[in-house]
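Shown here is one chain on its own, the form predicted on its own, set out as structure tokens.
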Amino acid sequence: MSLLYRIQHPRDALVVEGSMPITSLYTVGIAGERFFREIMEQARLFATRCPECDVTYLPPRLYCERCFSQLDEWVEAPATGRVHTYTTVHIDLDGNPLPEPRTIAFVRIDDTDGGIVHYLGKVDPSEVYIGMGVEAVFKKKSERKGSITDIAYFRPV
């Protein structure tokens, strides 16, 4: 069958069974590297700011999504924010029950136009609410590895 063959009806679609070995390496890019390095080395959040659109990106970007300007201005962002939305999970990724429910939230970081999806800690799931103020709790420096998990969780303030 050629690449130009046109399927006339969905029942004529071909299925090829098998597996395809794929290897890849994910990189966080230039902006992501600086973002995670600041978390790892200094326990602080950094964002990029577009002077044209007055948008502060967290996680940081190298180019503005609105006007495509190159973003050279890095600003320190507070480690505080507000719960924008959340869910409480009772099972892990393998379908096993968790010993205790975990709450995951999208936290809008203060003074930025972005946020982070992360665990909430030191709060009962029944007490979480939209708009709740939270702050990042960073792992000890010796435990940090340069990833988002260097933030242990966000706790209420």
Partner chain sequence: MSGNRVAVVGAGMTKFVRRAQETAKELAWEAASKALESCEMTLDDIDAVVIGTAPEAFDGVHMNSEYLSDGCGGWGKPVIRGYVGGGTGVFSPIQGWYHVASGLFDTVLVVAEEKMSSCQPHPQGAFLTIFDNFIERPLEPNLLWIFALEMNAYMNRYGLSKRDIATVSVKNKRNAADHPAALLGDPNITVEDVLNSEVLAWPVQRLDVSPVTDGAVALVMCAEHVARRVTDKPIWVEGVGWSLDSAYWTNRDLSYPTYVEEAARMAYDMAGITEPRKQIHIAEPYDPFDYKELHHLEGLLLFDKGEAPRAAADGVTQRDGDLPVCPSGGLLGVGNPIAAAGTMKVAEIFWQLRGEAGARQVPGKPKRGLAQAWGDLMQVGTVIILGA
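Positions refer to the first chain, counted from 1. This structure is a prediction, so every number in the text was calculated from the model and none was measured. C-alpha atoms forming the largest set that superposes within 1.5 Å between two forms make up the rigid core.
Below: the form predicted together with its partner chain, not depicted.
Among Asp111, Glu65, Asp92, Glu127, the residue placing a heavy atom within 4.5 Å of its partner chain in the predicted complex is Glu65. Residue Ala31 is the only one of Ile116, Ala43, Ala31, Val123 with a heavy atom lying within 4.5 Å of its partner chain in the predicted complex. Although the partner is absent from this view, Arg61 contacts its partner chain in the predicted complex, with a non-hydrogen atom inside 4.5 angstroms.
In the predicted complex, its partner chain lies farther than 4.5 Å from every heavy atom of Asn96. Its partner chain is not drawn, but in the predicted complex it has a heavy atom within 4.5 Å of Gln70. Within 4.5 Å of any heavy atom of its partner chain in the predicted complex lies no heavy atom of Ser142.
Heavy atoms within 4.5 Å of its partner chain in the predicted complex are found in one stretch of 23-31, 128-136, 99-107, 43-51, which is 23-31. In this overlay on the rigid core, Ser142 has a C-alpha that sits less than 2 Å away from its partner position between the shown form and the other one.
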